[in-house]
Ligand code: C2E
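One chain comes next, on its own, written as C-alpha cells: the form predicted alone.
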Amino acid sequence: MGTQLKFYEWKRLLSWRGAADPLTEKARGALIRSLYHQRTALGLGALNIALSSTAVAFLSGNALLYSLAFLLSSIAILRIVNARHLSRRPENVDPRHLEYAYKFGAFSFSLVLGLTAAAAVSLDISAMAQVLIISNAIGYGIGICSHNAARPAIALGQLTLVSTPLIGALLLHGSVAALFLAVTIALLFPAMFSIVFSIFGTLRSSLLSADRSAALASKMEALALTDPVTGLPNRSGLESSLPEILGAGAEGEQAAIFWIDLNRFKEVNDLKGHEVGDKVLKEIGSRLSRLIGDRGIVSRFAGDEFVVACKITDRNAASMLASMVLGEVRRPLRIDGDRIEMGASMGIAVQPEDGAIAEELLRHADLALFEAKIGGRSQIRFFEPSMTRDLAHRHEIETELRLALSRDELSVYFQPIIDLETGKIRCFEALVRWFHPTRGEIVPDQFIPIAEDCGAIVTLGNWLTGEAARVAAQWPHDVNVAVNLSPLQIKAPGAALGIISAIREAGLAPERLELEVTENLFLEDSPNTASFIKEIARAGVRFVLDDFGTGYSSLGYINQWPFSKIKVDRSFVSGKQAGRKSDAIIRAVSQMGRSLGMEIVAEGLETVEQVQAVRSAGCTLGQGYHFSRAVPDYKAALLLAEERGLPEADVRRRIAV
C-alpha cells in the first residue's frame, strides 16, 4: 500500500501540475527557469560530449558514427544558442514555452547520445573507444539528473533516453561483461530516481515556504495599509498613494485634499454602541468611495476623520465636490432599523497654490479643518495663508497662558446677579481675566477656546473655582458665587473631589457654590458626567443651566438633573432675536421655572426697559451692565458693603421700581 501511494505521488509530481499540487504558477516558473542556470557548465559538458563522439567516429572510421557525431554536435550548438537567447529575459517568456524548448533539445541530445553509445557497442569498435563514449553517456545521464531535478520528468526522461539504447545494445551483444554492464546501468534508475525526487522535494519545499512567506508578507502589507473597519486605506495607505495622485497630471489639472471630520460621532458611538458606530463609518466610507470613484482615493485617516485626495480642474470644482461630499455624509443612514443623521466639517487644500508636496497639503487641509470647526459645525473652509499666522498666534497664547497660570498673572472678576424683586445682590458670577504684561488685556473669547483645545482649561477651571470660593467665603452668608465649568474640566479624573476640596479649604459652605454648565455637556450622555453631577449634588453644591435657548434646549435635561436655576441666554433679551416671540419664550420658561421651583436668570440686561420686561415676564434674577460690569474682588466687597448700608428704597432703584 505504501509503495502504491509513493507511485501515485511520483506520478503527480512528474506531471506539469497535479490536482493537489499546491505549487503556484510563480513557483513552477522558478523551477523551470532554473533549468537555464549554469549555462557555461552545460555548454562545456555538451562540447566535451560532441568532441568525444567525434573522436570515437574518427577512431572507428565508421560513417554511421560520423553522422551521429555531426548530429550530436549540431544539437549541442543549437541548445547553447537557444539557451543564451531564452535566458536573457526569461521572466518575459511563458514558462511552458521555456519547458517545451528545453525538453526538445534535452531529449534530442540524450537520445542521439544514447544511440551513439549503442552504435559503438553494436559495431564492436576498439575497447577504449567504447569506454570513452559509454562513460560519457552514463556520466551525462547521472549528471543531468542532479542538474535538472527541478523538473523530474525531464531529468529522468533524459536518463531513460541515454540509457535505454545502450542497455539494449549490451543485451544484444550477449557477452557476460556486457550483460553485467547492462544490469549495472539499469540499477542506476532506482538510485537516480531517489536522488532526483529528494532534490526536487527540497526545492519544492523551499519554494512553497517562499510562496507562503511572500503571501504572508503581502497580506501583512495590505493589513498595514488598510483600515479594518471600513476597508479603506488608512493613514499609511493614504500616504503611500498620495505621490501618484499629486503627481503631474494633464494640462490644467490640479489636485486637492479634503479633510472631513464627522460631527457628533462620539455621541453615536456612546449611545448606540461601537458596533453601530463602525457601521456608520463603513457606510459613509462606501458613499464617499462611490462618489470619488477612480478620480482619487478615500481613506479613513483616524477616528471619525476621512481624507479624500483627488484630481480637480479648479477651486470651483473643489467647492462643488466638497458640497457633494457633505451631501453624502448628511444623507440619513439606516443602521439596524435606526435612522441616524450625521454632519461634518471640512478643510480643503488645493495643489499647487496651497502646497506642492503631500505633507504640506495635508498640514494645510488640517489647518483649514480646524478653522471650519471653530466657525461652527458643518462648515467648509479652504486653506488661507492667514491660518498659519493664526495657528502661530494660538501657539503663542497657549504657551503664555500656561506661564500665566504658573506666575499668577490671571485675575478673578465678579459680576453681580440681582434679585429683580428686591434689587439686592443674590450672587456673583466669577469670571477670569488676563492682563498680559505686554499684550494688555486678553479677552476670554480669545484664550478660553485655546485653553479648551490644549487641555489647560482643567487647570484654569480648578484655579478659578478655588479663588472664587476663597473670596466668596468673606461675603455675607446669603450671597452665593457662580463658576462656569467646561465639559473637559468635568471629565477630568478626580474633578468632583477637586471642587469639594477647594471649597473646604476656602471655608465656603457647599450650598453657596453654584456651578454653571451648558447643554453641550449632556450631548454625549457620558457616565462620567452623571457620576460627577451626582457626587457634587450630594455634597450640597448647586447647579445652574447656562445659555438656555442657544442649543437643543431639551426639557429632558431639566427634568433629569438637579438644576436650581436656568439662565436665559442674552440673545433673547438684548440680541437680534429680542422681540415679541422672545418675550413669549421667556414667559414660558419662567412659568416652567415657577412650577419646578427653579429661579430664572435673565442675562445681558443693559437698559431699564429690558429689566422691566424680563421682570414682568416672570424672571426672578437679572445680570448685565445695567447693574454692574464684572469687578475685582475688592470692588465686589464694596458693592456688598454699600448695599448693606443703604436704605431699602435706594437698593430698589437698581431695578427702576
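The first residue of the sequence shown is number 1, and the count goes up from there. Note that this is a predicted model, so its numbers are computed, not measured.
Although not depicted, the form predicted together with the named molecule is the subject of the following passage.
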Exercise: E519 in contact with the named molecule in the model of the complex, heavy atom 4.5 Å: no
4.5 Å heavy atom contact, D445 and the named molecule in the model of the complex: yes
Any non-hydrogen atom of R330 within 4.5 angstroms of the named molecule in the model of the complex: no
V432, heavy atom within 4.5 angstroms of the named molecule in the model of the complex: yes
Partner-facing stretch of 107 to 115, 120 to 128, 272 to 280, 486 to 494, counted where any non-hydrogen atom is within 4.5 angstroms of the named molecule in the model of the complex: 486 to 494
Listed residue that, although the named molecule is not shown, lies within 4.5 Å of it in the model of the complex (heavy atoms), from V56, L68, L605, C619: L605
Single option in D366, D547, D227, D304 placed near the named molecule in the model of the complex, where near means a heavy atom within 4.5 Å: D547
Complete contact of I457, R570 and Y625 with the named molecule in the model of the complex (any heavy atom, 4.5 Å): yes
